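What follows is a single chain, given as structure tokens, in the form predicted alone.
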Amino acid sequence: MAEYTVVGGGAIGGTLAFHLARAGHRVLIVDADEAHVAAIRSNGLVLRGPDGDARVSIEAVVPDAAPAELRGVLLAVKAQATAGVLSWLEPRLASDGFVVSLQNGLNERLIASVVGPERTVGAFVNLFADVVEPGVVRDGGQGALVVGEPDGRISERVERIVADLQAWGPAKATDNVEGYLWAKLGFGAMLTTTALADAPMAELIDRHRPLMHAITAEVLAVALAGGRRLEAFDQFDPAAYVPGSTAQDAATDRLTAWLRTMPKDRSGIWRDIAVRHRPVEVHDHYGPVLAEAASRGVPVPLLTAMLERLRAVETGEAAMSEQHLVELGR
């Protein structure tokens, strides 16, 4: 069985580590949260689902106690932590090792610049999960997971990783991981906008359709300007939201119906602000989008205004309120 080091044992990393360990793989979790590590070491990692808790024994350490050499690394830290983690990881990564970016946003280029493109694997992940207390991850339902080489190859390495990650669910290989990542940035613009208010994602998307359609179209316009081929996933079809499409309402009907089936009804961004009171990662997600929009002359006024409002809510300068969505819609 393969050996994996999961760097970042939170919602994504914890969920995948649980399933890999339960399938018999040797898994080490490295996490900076000492309480989370201590709970996993004492009681195992708990995955909390609608049918109750399941538990698996996993080795867990803080970064300073990690082994000197690592091979199969599943990187699942927040996007804003990537650069700092890479400076710690690069000296430990074996010459034949690799790093899989199981993160939100566009992190593969940064990872490759530090550890080398030959040791970098791209991935798109859309999991609905949360860490609800130290050592406990709440499973929010099935999502999507796609792995591919950043240069478009489906290598033997990718096929092995996918086969192992199928212990979680329907993981698959792709020759277009970038197309999935940009499509998720379009979908993520909707979810990020819902974090401006304290209400279920599906309800806010449904009530503010023109805003949601327009802000998604801005992100996807940047992707298309860069010549990318967008990929559908779960119940999000990017083709329905590109500029000029007339299929948005039907697509949003399907999307909101699916979101209403998820046990997790608010985004991780909302949770970071309202519950965990910590900085959100979406500014790092959309920084490259804003930069490329500027370089290609693609206007993104709604995305820019939404992120400015989110920063104000995040820092406490403004309160969470649906009025933000109303005003953005105007």
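Everything numeric here is computed off the predicted structure, so don't read it as measured data. Counting begins at 1, following the sequence as shown.
Not pictured, yet referred to below: the form predicted in complex with a small molecule.
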query	finding
Option touching the small molecule, based on a heavy atom within 4.5 Å in the predicted complex, out of T120, T174, T252, N104	N104
Sole residue of L191, L211, L89, V158 within 4.5 Å of the small molecule in the predicted complex, by heavy atom	L191
Any non-hydrogen atom of A221 within 4.5 angstroms of the small molecule in the predicted complex	no
The small molecule contact at L127 in the predicted complex, heavy atom, 4.5 Å	yes
4.5 Å heavy atom contact, R48 and the small molecule in the predicted complex	no
4.5 Å heavy atom contact, A240 to the small molecule in the predicted complex	no
Which of 286-294, 48-56, 266-274, 299-307 lines the interface with the small molecule in the predicted complex (heavy atom within 4.5 Å)	266-274
